[in-house]
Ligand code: KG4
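Take a look at this one chain, the form predicted on its own, written out in structure tokens.
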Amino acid sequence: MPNYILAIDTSCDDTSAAVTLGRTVLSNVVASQTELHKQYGGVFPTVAKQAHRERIQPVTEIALKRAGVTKDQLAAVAVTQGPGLAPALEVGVDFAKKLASELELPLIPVNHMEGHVLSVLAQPSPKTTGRSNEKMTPPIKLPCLAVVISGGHTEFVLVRQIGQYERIGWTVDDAAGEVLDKFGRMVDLGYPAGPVVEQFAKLGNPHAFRFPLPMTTTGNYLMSFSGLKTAARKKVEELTAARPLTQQQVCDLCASFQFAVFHAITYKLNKFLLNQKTTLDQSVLFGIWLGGGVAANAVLRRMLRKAIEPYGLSLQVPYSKKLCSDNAAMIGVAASFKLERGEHTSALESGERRPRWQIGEA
């Protein structure tokens, strides 16, 4: 019997449910809360929790219907247990526990970051592509380095085996997506500002303004973006002291700030790869995996490909940009590997939400 998994993600402000079969995504439904939080300029926890409660049942039903799978065909229920916004996680965990108990199915708690890491392994349904799934599922070559860049995380994760992860670098303050969003609000681009920054940057000069490259003297792979945010604020204040920003200045600022953020990431990535090359065999890594909401950014992808080209490495990204942002399909893919390894539990033993759960922790 096929191991269909119903996966649920309520880690932040998107309510998502998906049905997966191994690495194949049969459906992936995401209900956005962007309009609800726009008036607050950010995610308001109690609003997010209430919206999740209202949407999780219909979103789940739609995911099952689109996949053509009934509840009695399911092999397991998977859910994001953390990290994330505690009130939001609570809704998904409680719903999944109740559903798994009612259906007498195993429950698979998944780390949200593992979902982003493994999102590159997801495969589209043959019904969607019209091609044989055998031709679309390449073998997994490990180890790889996963680069996860989102609104809440910026991390380098060494993937030795599926399920065996080591964080080797991360931001010590703001995440890359978070600082891009905050910068966008500085120049009045609304909420969420990050994607708008990318659009304005296309019309700007990335070298029009110079911003500092942070943490260059450290020997580790830690990153920091708060200093870039401060430098940007000072530059905006300087430019607006006499008159409002022109549209071209906004475009140039967006392009320059975006470049600075991505340069900081590629700088630390290059440092890691250079150390790998000098201390270990160059073939120790089989590739770079890119995940997270900011992974959809074309400039970031281009800069990463340029950075890793000298090392003979390729960049692997999710087959759809929808898989970059928070979604349940990546949770289902991660859960499929756990199900194969027998890593599941009963609904009563599954534990509670884990808002600060780091990837690699037990």
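One-based numbering along the sequence shown. The shown structure was predicted, so the numbers you read here are calculated from the model rather than taken from an experiment.
The same protein has a further form, the form predicted together with the ligand, not shown here; the description that follows concerns it.
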4.5 angstroms heavy atom contact with the ligand in the model of the complex for residue 206: no
inquiry  = Within 4.5 Å, heavy atoms only: does residue 171 come near the ligand in the model of the complex?
reply    = no
- Query: Contact between residue 94 and the ligand in the model of the complex at 4.5 Å, heavy atoms?
  - Reply: no
>> My question is simply whether residue 292 lines the interface with the ligand in the model of the complex - judged by any non-hydrogen atom within 4.5 Å.
In response: yes
Checked 214, 109, 184, 177 for heavy atoms within 4.5 Å of the ligand in the model of the complex; positive is 177
Only hit among 124, 287, 227, 195 for heavy atom within 4.5 Å of the ligand in the model of the complex is 195
Here the chain appears without its partner; judged in the model of the complex, the stretch of 305-313, 322-330, 46-54, 65-73 with heavy atoms within 4.5 Å of the ligand is 322-330
